[in-house]
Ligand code: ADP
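As structure tokens, one chain now follows by itself in the form predicted alone.
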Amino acid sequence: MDFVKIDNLVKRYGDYEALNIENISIKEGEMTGLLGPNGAGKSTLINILTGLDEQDSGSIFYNGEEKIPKENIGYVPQDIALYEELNAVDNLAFFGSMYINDRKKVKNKVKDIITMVGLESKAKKTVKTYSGGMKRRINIGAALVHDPQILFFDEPTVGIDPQSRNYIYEIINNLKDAGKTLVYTTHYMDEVEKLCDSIYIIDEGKVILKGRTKELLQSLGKSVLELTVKNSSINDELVSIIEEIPEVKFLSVRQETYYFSINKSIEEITKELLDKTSKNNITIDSLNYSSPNLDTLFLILTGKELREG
């Protein structure tokens, strides 16, 4: 079931069109990844979904309704949204009291959150003494303390240590197991591969690819062949010749680099490829293989690296 459904959403800043989203469906009880480079429009979309900004046109439905109560939303922003002079307990108690009137209930919830984020020994220390990773973990706790139905994570692991990153992954997996609906923005492909059930890849404010994570990776085969040749004027001929090799499928050509999905061993395909190109007087300029990951998929789609600004 769709927990959130977006149709024809447009956001402009003056003459600049920051978003033009035809359709996004966020399934209830799943984790959806919004993936793209810095400036792609991910944070703008999150701000609109959480009610911090408004679209210029288009519609958003939450369980079929145009509005969702604020108490049903949890938001983990990119920037740390904590009071530096307060400790973790007081920070969480403050945010919890905004939604929960029962002080005892808030106190018990804060205790649970402190344990969940693994900061029991630091709970009474002021936030300003925390490392960046510890602040990130409490930042997540502040979004959880009122037990929301849907949680939005906007780049929650930027610039943190491996221990805190693993804690965040553990928190997210526990939330998934509890049936929460999660939306996660990042430009770290490995996080999406590890955590998300489905993906929307966004570039320049538009969705350029969507699908189930496993299915998108499977579309690349066991490995991806990247090939350039001396004579760039033989596009159609080159593709036809190489696709004659069993278990090889043409994916795309970007900036004179040809991409093919491979479902056989690299040793086998290299031998057959060299035989085919040699017989057809095609001189290979470069030949590389890469793993079937989302970095490679993004490169094939856009012709650029994900971390390019």
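Values in this document were obtained by computation on a predicted structure and should not be read as measured data. We number the residues from 1 along the sequence you see.
Another form exists, predicted together with ligand ADP; not displayed. Remarks below refer to it.
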| query | finding |
| --- | --- |
| Ligand ADP contact in the predicted bound form: Gly29, any heavy atom under 4.5 Å | no |
| Non-hydrogen atom contact Ala40 with ligand ADP in the predicted bound form at 4.5 angstroms | yes |
| Contact test in the predicted bound form: Asn72 vs ligand ADP, heavy atoms, 4.5 Å | no |
| Contact flag, Gln55 vs ligand ADP in the predicted bound form, heavy atom cut 4.5 Å | no |
| Of Gln149, Ser97, Ser219, Gln78, the one that lies within 4.5 Å of ligand ADP in the predicted bound form (heavy atoms) | Gln78 |
| Heavy atom within 4.5 Å of ligand ADP in the predicted bound form - the one residue of Leu299, Ile24, Ala18, Leu9 that qualifies | Ala18 |
| Listed range touching ligand ADP, judged in the predicted bound form by heavy atoms within 4.5 Å, from 280 to 288, 266 to 274, 243 to 251, 41 to 49 | 41 to 49 |
